[in-house]
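Below, in structure tokens: the form predicted on its own, a single chain.
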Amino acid sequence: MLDERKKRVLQAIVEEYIQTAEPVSSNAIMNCEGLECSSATIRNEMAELEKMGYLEKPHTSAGRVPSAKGYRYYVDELLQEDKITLEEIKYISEKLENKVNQIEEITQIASSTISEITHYTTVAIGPSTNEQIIENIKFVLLNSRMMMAVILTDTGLVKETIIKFDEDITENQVQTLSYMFNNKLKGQPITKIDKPLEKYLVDEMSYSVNLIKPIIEQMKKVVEEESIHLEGATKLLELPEFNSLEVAKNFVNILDEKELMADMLNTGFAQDINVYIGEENEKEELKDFSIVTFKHRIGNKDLGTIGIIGPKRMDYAKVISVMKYISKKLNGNDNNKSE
């Protein structure tokens, strides 16, 4: 356990390093709140914190920087969650009050707002389709061998896909297909779009398997597809950490790997906000970064997950404050009188 003075020294160093990206000396934090003591005393505390593994001393500097352990203690024990300005509150409110018709739009607006305020890269993924219930399926004939399918779920999620056929299809057939698919699937989990459905529909409708099979295959493909939305992809490249060619190249490669980003967002949701610092990330490619994931909802409706990617020197207080305020706004729990 750290005593109160060590906590204040560690907090001051983390917050100073987040702002400056320069190793922190005792003189730099002498006048911080809660540190009314001499430079020598602070140096002794810094030396103790280094021995305990909370701070590191770069070879080229007399100052200290936080270690991964130091950041973790800061996030878990010292972080203040009110680091959001009145201007930012107003900006978030205006962005989220835009009328949206689909869950994807809400997720994208929340994602872009977080990126704009924090200046970090955000990655968003829609809600898992596994537990969603089909409310309606609509088919639209585009030409004699092409049809669009629109699937609407109980959460407001809309999935659209184009289906191509090897034989002609008529408007009457499309209307019959729409009736039969809705009759079989409306009110059912979206996972019911599967192979057994193919046999049922072929038997019921007396249509060829060549007509039914591509519809089910394409609908199944689109509902299982991970839709990933990226914001502020180049913002991190302006930070000092990315002067390293290796780190910058690694970051660009991460953004190219959709499967890696989907795995990152789908890791552990025991709580709404999860923070992974450096090597706490399961993937080796993410060891140079910190990831904060945010599971956002309206009421009991899952809207998906937003991940914020930044250096280990991330402004955790800002990121988490913005996330929590957005969550309150989406749920109508904002009682801030300043708006």
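Since this is a predicted model, take the numbers as computed values, not measurements. Note that residue numbering follows the sequence shown and begins at 1.
Same protein, other form: the form predicted together with the DNA, not shown, and the subject of what follows.
Asker: Go through 66-74, 284-292, 301-309, 36-44 and give me the stretch that gets within 4.5 Å of the DNA in the predicted bound form, heavy atoms only.
Answerer: Within 4.5 Å of the partner lies stretch 36-44.
Asker: Classify E56 as contacting or not contacting the DNA in the predicted bound form by the rule of any non-hydrogen atom within 4.5 angstroms, answering yes or no.
Answerer: Judged by the heavy-atom cut-off of 4.5 Å, E56 is well away from the DNA in the predicted bound form.
Asker: Is L10 part of the interface with the DNA in the predicted bound form - any heavy atom within 4.5 Å?
Answerer: L10: no contact with the DNA in the predicted bound form.
Asker: With a 4.5 Å heavy atom cut-off, would you call V14 a contact of the DNA in the predicted bound form?
Answerer: Output for V14 is no: heavy atoms all beyond 4.5 Å of the DNA.
Asker: Are any of the heavy atoms in S25 no more than 4.5 Å from a heavy atom of the DNA in the predicted bound form?
Answerer: It does: once the DNA is placed as it appears in the predicted bound form, S25 has a heavy atom within 4.5 Å of it.
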